[in-house]
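Just one chain follows, in the form predicted on its own, and it is written as structure tokens.
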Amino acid sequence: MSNQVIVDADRCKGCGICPSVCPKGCLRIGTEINLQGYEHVEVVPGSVCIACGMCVLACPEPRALTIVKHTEEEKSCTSA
């Protein structure tokens, strides 16, 4: 398992701040429209999140982004 960013699409307003601060380019503005009428952020397929949390800190919308960080111990347990 790798780290991941979870996007709550219906909380996102597509401002573009989180993709601009992600050092690994894991996020982008998508083309789908959410319930609020915004093109929301999506995770770039194949990207490798380092769980730095910059996107969450920069995001002006509470709970629009969540980081799930997996430890080395969790990774070794799942690959055994």
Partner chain sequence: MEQIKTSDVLYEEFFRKDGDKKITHYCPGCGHGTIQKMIAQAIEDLGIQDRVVFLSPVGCSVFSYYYFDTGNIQCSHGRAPAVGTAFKRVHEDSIVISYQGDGDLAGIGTAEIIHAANRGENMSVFFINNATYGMTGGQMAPTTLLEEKTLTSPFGRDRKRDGAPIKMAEMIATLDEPVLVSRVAVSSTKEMLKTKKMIYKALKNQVDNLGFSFVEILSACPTSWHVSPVEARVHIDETLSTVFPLGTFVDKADTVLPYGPSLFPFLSGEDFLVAIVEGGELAECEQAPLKDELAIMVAGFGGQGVLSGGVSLANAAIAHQLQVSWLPSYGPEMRGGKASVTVVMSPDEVSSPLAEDIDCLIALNSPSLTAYEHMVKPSGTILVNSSLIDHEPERDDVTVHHVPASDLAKEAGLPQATALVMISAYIHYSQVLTIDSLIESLHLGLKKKSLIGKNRELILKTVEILVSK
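Residue numbers count along the first chain shown, from 1. Everything numeric here is computed off the predicted structure, so don't read it as measured data.
One more form of this protein, predicted in complex with its partner chain, exists but is not displayed; see below.
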property: Contact label in the predicted complex: Arg63 to its partner chain, heavy atom within 4.5 Å; result: yes
property: Residue contact check: Val48 to its partner chain in the predicted complex, 4.5 Å heavy atom; result: no
property: Interface membership of Met54, its partner chain in the predicted complex, 4.5 Å heavy atom rule; result: yes
property: 4.5 Å heavy atom contact, Lys69 and its partner chain in the predicted complex; result: yes
property: Residues from 3-31 in contact with its partner chain (non-hydrogen atom within 4.5 Å) in the predicted complex; result: Asp8, Asp10, Arg11, Lys13, Cys15, Gly16, Ile17, Ser20, Val21
